[in-house]
Structure formats: C-alpha cells, structure tokens
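In structure tokens, the next block holds one chain alone, the form predicted on its own.
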Amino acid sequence: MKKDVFTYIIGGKAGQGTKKAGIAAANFFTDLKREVFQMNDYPSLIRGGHNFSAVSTSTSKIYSHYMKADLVVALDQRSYDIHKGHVSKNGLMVYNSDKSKGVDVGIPISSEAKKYENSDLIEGVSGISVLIAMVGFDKKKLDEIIKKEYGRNVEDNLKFAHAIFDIATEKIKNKVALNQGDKKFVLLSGSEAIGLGAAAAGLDIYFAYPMTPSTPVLHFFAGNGKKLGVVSVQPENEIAVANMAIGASFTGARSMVGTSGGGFCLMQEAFSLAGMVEAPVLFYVGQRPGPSTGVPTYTEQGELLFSLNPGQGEFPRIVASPGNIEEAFYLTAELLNLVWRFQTPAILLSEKHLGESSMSVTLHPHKAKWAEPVLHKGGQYKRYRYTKDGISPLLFPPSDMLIKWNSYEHDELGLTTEEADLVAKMHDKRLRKQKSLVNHLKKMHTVNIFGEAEPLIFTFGSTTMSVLEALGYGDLNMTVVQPIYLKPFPVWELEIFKGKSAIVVEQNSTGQLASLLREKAGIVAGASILKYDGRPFNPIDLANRIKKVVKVEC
C-alpha cells in the first residue's frame, strides 16, 4: 500500500474560498518539495451549493487525489455531513461550530470572520490556519502563506488567520509531521499546461467562447498572452470561434480553438470546412458529462467516439488525449506541429478532471516541437498542388500569386470544380495525406506502456492517472496501456496485446474505448470498469474494483 500520502479536504459553499484554500495548501506542500495532486469539485452555481477541494501530497510520485483525508475542514453543516465519512482512521475533522454540530474539533470560524469585512469570503483562510497548526508549523510560515496567497486585504487576513491558528493549536492534539521531499516541482493545472504547450509550439491566436471545462485555457491566455505572444479572442459564439480560427490560419497565424462537447457540436460544419480547405487548426475539447448541457462542471469521457468522426465528408483527422498534466504540455505542442505539417484539423481531447486539476510537473520547454509548415519555394503557386505525400506547400498573403482556399471541391489552384476526374483526384490527394500521416505516426511515440506483467489494463486520457495511482495504492503488478493517439488509432503498437488477458477502465457508461479496441485492433477485453457519475475515480475504490474484476473475470 502506498505510504506517506497526506490528504487535506476543505469544503464549504461557493463564495467561501474553498478552491483558493486548496490552491494555497497545494502551493504550501510544493514549497516542502513534496509532490501534489489537487482536485476541485463544484456545482454550476456562483454562490451556495457545496464546493470542496481535495489535495493529496506525498514525497513520491502521486497521480490522484484521495477521498480518505487526514484533515477535513468543514465550513458548514452540509460539508460536515458529506465529508465525515471521508476522514481516515487516524484523521481529523475540524468544523465550523457556528454553523455545524459534530464531533472532533469545533472552531467558531464564522464568529471570528464577522470581525472583518466580507466575512463569508474570508472564512476559507481558516482552512490554511488549521492545516498549518495541524502539521506543526508556526505563525511565521502562516504569515508567508497568507501574504503570498491572500494579498488583498492582507492585514485582515493575517489577523483572522492568527486568531484561528491560536484556537486550532490549542485544540488539535493529534498533529502530523510532514517529511520534506528532495526535489522542487512546478505545480500546474491541466489548462495551464495546455496553454504553455501551445505557446511553446508557436501559437499565435486562441479563439474560444466560454464553456466549462475549457474556459480556464481562455483565462490563461487572457492573463498571460502578452508575455507569451498569444492573442486571445472571444467571438459571439462557437460557430464564429471555429470559422475565425480557420480564417486566421489562412493568413499564416498558428490558431487554436477551445470548447466543450456542446460547443464542439456547433463547430461541426466549420470542422469539415477545415478538412476541405486543409486548414491547420487545433481544437481543444474538454469533456464533461452529457448529453446537451449535462452536468457542466463535472468530468466524463463520453465524447471519445464523437470526437473520432466530427464533420461531414472524408478527410484526415487527428485525435489525441493526454494521460496526465505533464503530457498535456508536450502533446499540445506536438499536435500543433502536426496540424501544420499535415494541414488538417486535430483534436486535443481531454476532460474536466485533467483541465481543472493541478499536479507536480517537471517541464522541458525546449522539447516542445515548434509548428513548422511546408512552404512554397517558387514557381507558380497552386494551393492544392498534387504531391506524392498529399501535402501541398503553403503560401500566405500578401502575395502577387493566387491563394485560394475553397470549401467547394476544387482543382489544384483552388478553383471550384465538379468535373468527375478532378473530384476523384482531390479525394486521392487527401487519401495520400492520410497515409502519410499514418506513416509519420508510426515513427512517433503514440502509446504509453507502464509495467510488464499481465493482466493488462487499457485506459486513456486522465483516467490513466487514476489507474496508475490505484495500482500503487493496491500494490497491484499489472501493465497499463494508454493509447495517446486515438485517430489514427495506433494498431501497429497494439498488435502485441492481441489475445492477452485485459480489462478496460474508462469514464463513460457504454465502454467506448473497449469498442474502439475491439473494432480497430481486434483486442477483446475480458471486463470493463466504468464510472459515469461525473466524479473521477478514487484510487482506493478503483484498486478494490480492479482486484475484484481481475479475480473474477480475467
């Protein structure tokens, strides 16, 4: 069983600062050179409801939060009721005695907060005071955190933090000592990693209409675009988003789009347009539970099969999904490079769990691939020149030569045609590009394989993190196979797994990855472990389900 894991949960209403307290705790653990995974859970409400942040930390690699906590801070009665079952055997529940009745340690958080302006907003600070008191640090460390994380009204925050710290220090008897780690990491959210990866590959402009869980990438570029050289644009709707990105790529701008399932539905015609005009545009699709509006602030992997065939007609599509936040950085850069190399749209498929969670990472920006197109080098320019690999060199305005992108079927110059032989020739050109893309992917790393023992676990996307953590927790010796690329599907790397004992773990109700494996690679899993309640896997529960399935089914 994995040791040295410390988990902190803070719960309360929207507007009480639980997410901020979770971030502050995660940064505190990072300063101790410990590895961290932080997850935020919240309904689609601006105020009220039940929000919580779960932060797990260890001196060794950690891929997931845990829902058995060493310390729970409950700011209201609902949080107490929900999380009292999440306190570990030797853990501690600290609750707001002004709003809750319970056992363990009650602290009058609201009474202390009312001495200051915006008393509801300041209550989240109490979670940090309690944490620092429990792990045995002093007020000097608490002051460092408050000044760093709560700069607005810092004097009030400091006074309030001190008052709660004094009460907590007196009441908390079972303190926990945290070991320091030996390596300093960077704490990044999945959305930050995606943004940085795109910028490292030369992204010029990011288009998005706000839609959870892709919105944090838009916020990232809005706040950091000047430093990174990336313009962020929020048009009037998703249709405009996709079409503006195609238009920007016509001028030579490296363009990217961000959305979620509902928004991507609206982009279908534009996605097909990108296939026809051969526009190099990267689409980021953050999955949440559907259909329609679904459960907008939670997570799922229900759009795998949808993402493989967007848009009408036949043209090359690329779909890839990162298995963790570090991989999100490199894969985003890699996909931006591929869309420019092959002049066709690609989808970076992810989930709320990856996009809005944070974890410790080590990044090497120089390893991110810079997007490099094939450029016209002289002679008459033909936008859709027939080439052996199906890739026609690009030329951008201003130019004296004709540069014509056409949504209608076209000839090499881009002029509209309905002549049978030209229609077939242009189809053949796109098919050659598809073959070139597959041949190129065969030289790349398209599947992650962790371990060597059977049985196998197939998974994809952020569920990979949950599976790896579950195996570590449960001392399970198995091999995890994570296809990074989902279209073209890397059957050449999966051939060796045919006929082997396998299970599939994914977050949808119909087993979409299992279907893909069976259809494309001839791999038939003995069992599937599915979860589709909008919440990510808890590694303890997942480890138990894997043990049960392996024993019974494989």
Partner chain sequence: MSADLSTDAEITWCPGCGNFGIFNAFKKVVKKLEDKGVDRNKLIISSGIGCHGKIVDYIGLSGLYSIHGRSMATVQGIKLGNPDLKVLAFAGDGDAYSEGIAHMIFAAKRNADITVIVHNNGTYALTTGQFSPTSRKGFKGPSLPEGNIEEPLNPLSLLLEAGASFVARGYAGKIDHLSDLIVEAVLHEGFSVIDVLQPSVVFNNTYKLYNEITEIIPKPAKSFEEAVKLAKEMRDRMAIGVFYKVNKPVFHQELMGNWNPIRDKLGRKERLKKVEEFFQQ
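Numbering follows the first chain given and starts at 1. Bear in mind the structure is a predicted one, so any value in this text is a computation, not a measurement.
Absent from the display: the form predicted in complex with the partner chain. The rest refers to it.
*Asks:* Is Lys227 a contact residue for the partner chain in the model of the complex, using a 4.5 Å heavy atom cut-off?
*Replies:* Judged by the heavy-atom cut-off of 4.5 Å, Lys227 is in contact with the partner chain in the model of the complex.
*Asks:* Please determine whether Leu203 contacts the partner chain in the model of the complex, using a 4.5 Å cut-off between heavy atoms.
*Replies:* Yes, Leu203 is a contact residue.
*Asks:* With the partner left out of view, is Phe207 within 4.5 angstroms of the partner chain in the model of the complex by any non-hydrogen atom?
*Replies:* Heavy-atom contact with the partner chain at 4.5 Å: present for Phe207.
*Asks:* Any of the heavy atoms of Ala199 lying within 4.5 Å of the partner chain in the model of the complex?
*Replies:* Yes - in the model of the complex, heavy atoms of Ala199 and the partner chain come within 4.5 Å of each other.
*Asks:* Pick from 168 to 176, 151 to 159, 386 to 394, 251 to 259: which stretch has a heavy atom within 4.5 Å of the partner chain in the model of the complex?
*Replies:* Careful reading of the contacts points to 251 to 259.
*Asks:* Identify, from the list Leu188, Leu338, Val319, Leu304, the residue with a heavy atom within 4.5 Å of the partner chain in the model of the complex.
*Replies:* Of the listed residues, the single hit is Leu188.
*Asks:* Heavy atom within 4.5 Å of the partner chain in the model of the complex: which of Val233, Leu92, Ile484, Met211 fits that? Just give me the one.
*Replies:* Of the candidates Val233, Leu92, Ile484, Met211, Val233 is the one lying within 4.5 Å of the partner chain in the model of the complex.
*Asks:* Though the partner is not shown here, which residues of 363 to 387 have a heavy atom within 4.5 Å of the partner chain in the model of the complex?
*Replies:* The stretch 363 to 387, when checked against the partner chain in the model of the complex, contributes Leu363, Pro365, His366, Ala368, Trp370 at the 4.5 Å heavy-atom cut-off.
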